[in-house]
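Presented as structure tokens, the chain that follows is alone, the form predicted on its own.
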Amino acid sequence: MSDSKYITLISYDGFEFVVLREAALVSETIGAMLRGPFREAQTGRCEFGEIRGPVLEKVVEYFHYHYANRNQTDVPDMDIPVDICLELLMAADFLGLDSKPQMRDIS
């Protein structure tokens, strides 16, 4: 298992995003990918064959936004570009992000 503090998320069009592992664990899907004997757990690299780079970039922004504000109340909503709303909604559903995310422990 990769014990790196960071993981790499890769979009289907080849964009790579280095993300704080703890921040990315808000996603149930990523948490599952990083557990057990899976390739992602060994390499710390998660590939998403259905998510475009601009959409994954906004997902990564959300991970860091959520992580930075995890102990705050009354956090303003993020700005979401209209042109990626539907794709972002589908990505959020696939990644297991709900309206009240919790940090997940993968140990």
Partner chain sequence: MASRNRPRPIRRPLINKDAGGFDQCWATLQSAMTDIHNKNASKLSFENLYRASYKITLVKRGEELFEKVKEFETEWFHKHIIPGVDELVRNNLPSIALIQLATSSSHERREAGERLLRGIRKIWEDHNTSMNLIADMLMYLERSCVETKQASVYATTIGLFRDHILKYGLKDVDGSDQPFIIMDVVIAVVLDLINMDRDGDIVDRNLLRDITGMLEQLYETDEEKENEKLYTTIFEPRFLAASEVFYKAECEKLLRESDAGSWLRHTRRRLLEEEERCVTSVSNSTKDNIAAVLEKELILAKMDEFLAMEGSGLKAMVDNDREEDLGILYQLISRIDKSKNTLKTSLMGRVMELGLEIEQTLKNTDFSAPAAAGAAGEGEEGAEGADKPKALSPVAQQTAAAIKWVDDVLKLKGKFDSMLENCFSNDLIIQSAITKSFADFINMFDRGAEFVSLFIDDSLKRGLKGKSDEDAEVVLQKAIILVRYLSDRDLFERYYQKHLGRRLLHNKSEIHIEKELVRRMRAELGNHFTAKFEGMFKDMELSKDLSTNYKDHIRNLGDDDRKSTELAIHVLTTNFWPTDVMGRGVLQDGDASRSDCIFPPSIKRLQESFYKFYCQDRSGRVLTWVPSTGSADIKCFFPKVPGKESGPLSKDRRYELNVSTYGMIVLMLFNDLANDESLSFEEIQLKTNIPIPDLTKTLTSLSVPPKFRVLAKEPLTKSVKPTDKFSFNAQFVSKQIKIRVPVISSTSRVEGTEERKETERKNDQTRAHVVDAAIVRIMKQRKELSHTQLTTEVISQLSGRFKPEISLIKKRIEDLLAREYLERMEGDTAAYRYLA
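Numbering follows the first chain given and starts at 1. None of these values were measured; they are calculated from a predicted model.
Note that the form predicted together with the partner chain isn't included here; everything after this is about it.
Looking at E28, you'd find a heavy atom of it within 4.5 angstroms of the partner chain in the predicted complex.
Shown alone here, E57 lies farther than 4.5 Å from the partner chain in the predicted complex, counting heavy atoms only.
The closest non-hydrogen atom of E22 lies beyond 4.5 Å of the partner chain in the predicted complex. The partner chain is not shown here, and in the predicted complex it never comes within 4.5 Å of any heavy atom of F15.
Contacts of stretch 11 to 44 with the partner chain in the predicted complex, defined by any heavy atom lying within 4.5 Å, are made by Y12, E28, T29, A32, M33, R35, G36, P37, F38, R39, E40, Q42, listed in sequence order.
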